[in-house]
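As a starting point, one isolated chain is supplied in structure tokens, in the form predicted alone.
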């Protein structure tokens, strides 16, 4: 067992799923942030257990050619990004490696490599931000949580957000300080403003601002609207009531204070209405590439029925509608379903249906009703498919299953479960929708 606070020399050999470097010292796995594979370092042990330890670099003895000076001044503190210390080439390599390793280790595959759709830029790509609000010495500020904590790290200019998003944040904070709006204290469960949520349409330029409050009303909101109008594209201001304790950001009740309560944007040639709770990929350019890959893999014909589980506001569903005979979308969030129906109408798509419900239960119900889709598309949350969904897919027996995933481990687990039910993995692809961050999307075809 390694000794806490002692310094050891180590070779970085690999990465964790969160992007930390991995070294092995005296038979113990040591996880080291801000490390790059191939580097030799001196590391101080911060936490020591029998089989693993956490460490911190105190000196780099052999530096990787992929190491770079951080463009973000708060990158070491902020929990939003993970890879400003390395070049983008190494970042995409480790992400593709992670998808391949999961599919081989957990999915029972023997893949030699996984191609990855690399992003054209790491800057200003995010179309959504959720800033927690905090207070220090009587002054409100907003930023992002420090990794593993609820300590808010202030950052005047986030590199992965467009300038307009940070401009909205600054205007809201100025309003809070000017009118002494109480800032939420999660320990005491007092105060009003919890989060500043900003969504921007990349094509439309429209901006939705949603303020999450521990209450029902916002004082002097008319003054805030006047100032927000200075930001090009500002379209609507919405309040979200969240009076519950816990980590959930948005509440269940929304009040539109200004504008229509939603914005519109164009993706894959279609126009979508986006409200605060609508799921919409945060990287517009990469989402289009990801969805086009899904459409290409699905090989849809005019006689096909396509079932899209976890459909959100209907982005993939409606993008596939032109090639299919019928498309059916299922989503558990009622507002997203309403948005999906409106999006179909807005785009003149008549061969699409949308249902609200849990993916597994809805799939079983459709199967009982005799629906036999030729193609099923699934894009589940990080936890992957539940047992009901796996069972329904097995009984429906679609010709092709296109699985879009935001977690390679649960993807690989579900691939193994579907293989046990007669399917075979045909194609696997990684896609980087989150440059500088540890998350990676992937897409596979099973037949």
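Positions refer to the first chain, counted from 1. Keep in mind the model is a prediction, meaning the values are calculated, not measured.
Note that the form predicted in complex with a small molecule isn't included here; everything after this is about it.
Using a 4.5 Å cut on heavy atoms, which of 225, 342, 333, 123 is close to the small molecule in the predicted complex?
Looking at the other structure, the residue within range turns out to be 333.
Which of these residues, 279, 254, 145, 179, gets a heavy atom within 4.5 Å of the small molecule in the predicted complex?
By the 4.5 Å criterion, the partner-contacting residue is 279.
Has each of 291, 359 and 379 got a heavy atom lying within 4.5 angstroms of the small molecule in the predicted complex?
Yes, each of 291, 359 and 379 comes within 4.5 Å of the small molecule in the predicted complex.
Within 4.5 angstroms, counting heavy atoms, which one of the listed stretches 351-359, 210-218, 244-252, 196-204 is next to the small molecule in the predicted complex?
Only one stretch passes the 4.5 Å heavy-atom test: 351-359.
Residue-level question: is residue 275 within 4.5 Å of the small molecule in the predicted complex, judged on heavy atoms?
No - in the predicted complex, heavy atoms of residue 275 and the small molecule never come within 4.5 Å of each other.
Decide whether residue 315 counts as a contact residue for the small molecule in the predicted complex under a heavy atom distance cut-off of 4.5 Å.
Contact check for residue 315: yes, within 4.5 Å of the small molecule in the predicted complex.
Is residue 310 one of the residues lying within 4.5 Å of the small molecule in the predicted complex, judged by heavy atom distances?
Yes - in the predicted complex, heavy atoms of residue 310 and the small molecule come within 4.5 Å of each other.
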